[in-house]
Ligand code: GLU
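One chain follows as structure tokens, the form predicted alone.
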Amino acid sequence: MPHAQVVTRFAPSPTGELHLGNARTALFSWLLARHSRGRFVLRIEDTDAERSRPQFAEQLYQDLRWLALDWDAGPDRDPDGVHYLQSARGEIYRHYFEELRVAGKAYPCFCSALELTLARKAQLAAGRPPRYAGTCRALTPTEIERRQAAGSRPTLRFRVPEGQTVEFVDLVHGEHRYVTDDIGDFIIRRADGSPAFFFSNAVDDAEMGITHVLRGEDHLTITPRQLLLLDALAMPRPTYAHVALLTGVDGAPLSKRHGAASVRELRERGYLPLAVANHLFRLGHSSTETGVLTLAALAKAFDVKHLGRAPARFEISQLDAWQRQVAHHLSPEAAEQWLVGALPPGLSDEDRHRFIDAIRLNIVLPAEAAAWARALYGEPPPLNDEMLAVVHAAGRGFFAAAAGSVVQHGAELRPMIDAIRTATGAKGAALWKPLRLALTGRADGPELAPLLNVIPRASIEERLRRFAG
């Protein structure tokens, strides 16, 4: 039966920073919800008390807001008291644990970690797949009471029905069938009373009305367990779409060596959220759209059918290409806000605007703007041996003519070029390259004319005359 309204979710654990693979999953979930005019839910899965940290949750909120992935319900938007922090849902989990136990669909397990390890080794040695051997499956109430009275703290295992097949259709990977006899009874409540991940995850999806779950394909193998739980509790099944994993160009998991691993790192380096969204949209999702799209346009173009099965490879150079496109189309106000930390202090409004206009088409990140600020406003830039050879080959008369033009005509490029040509006959690269090196210390970069409007006039003369004497 079709769902009346599409409801998706993003359910991160606050045990670390938001990495790009999870950010892409959040983006895809948000795009599906917005494409379908449905709802996007944020749930924080913080039942791992040892590793979960409030500061990581706050960082998650900041990262998602920076990406402009707004949520319709979440820890900060809970008018119906649903509780979108799993740590606040303990009573709900206890209710369902008891329901399964009373119905005979779950039972206490007193097996120690050592016993389970030895059993798995024995099964592997016998050529059988490792699964729980059912040691505590048939314990009598008296035996259970005796062990608990002795101080044993049991886990709670789900009693997997025998001789059945779990079937579902994944929107990315197609039809799947699992034989229950190959699964084995699994733990749904740990000995400390906390729920296992796939239990609370599945129950929450059902209780929160999640209709479509987009998540990494590494969760594909836990899906049959979750479906067994949902069926046992007579709860609705969501539709699953297991997204291919995101890797570096070498096929390895993303890390800093690939350019960035977390959203925070990209934000702090000055990447623009729309550039990140456009790049992630095209990683593992095919589209005929080639240009920069707004988030609304990305949502319109998103189609779950276009999600691929092959690993999607993140490449920082491709992100830089999107960054360049987005940066070039920023409004003057947005460009100034983007570059505010890289701008030299004490500039007038007019000088600040001239600087931004001069360099913005030649930079990808604010750090490059800061480097240009040092080159244009600081001490005359040093030249390496190769650069000095080019400058000295131009000759003293070259720079004397250029400096004289500044005295007579100010920081105007055309009179300077005419003066150099008249004095030396230089043209082409023999004219432009020495002049650019002397003025900026760079062999390439923004056009010289707007740069001359940025560099203080006294500094222009100083940079030219140091090679004219």
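Note that the structure is a prediction, hence the values are computed from the model and not measured. For every residue, the number given is its place in the sequence shown, counted from 1.
As for the form predicted in complex with the named molecule, it is not shown, yet the points below apply to it.
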Is G21 close to the named molecule in the predicted complex, meaning a heavy atom pair under 4.5 Å apart or at it? no
Can you tell me whether R215 touches the named molecule? I mean in the predicted complex, with a 4.5 angstroms heavy atom cut-off. yes
Taking the named molecule as it sits in the predicted complex, is E412 near enough to touch it, meaning that at least one heavy atom pair lies within 4.5 angstroms? no
Classify R282 as contacting or not contacting the named molecule in the predicted complex by the rule of any non-hydrogen atom within 4.5 angstroms, answering yes or no. no
If contact means any heavy atom within 4.5 Å, which of 195-203, 153-161, 375-383, 76-84 contacts the named molecule in the predicted complex? 195-203
From the list H176, R131, H219, R89, which entry has a heavy atom within 4.5 Å of the named molecule in the predicted complex? H219
Contact check, 10-39 vs the named molecule in the predicted complex, heavy atom within 4.5 Å, ordered by sequence, gives A11, P12, S13
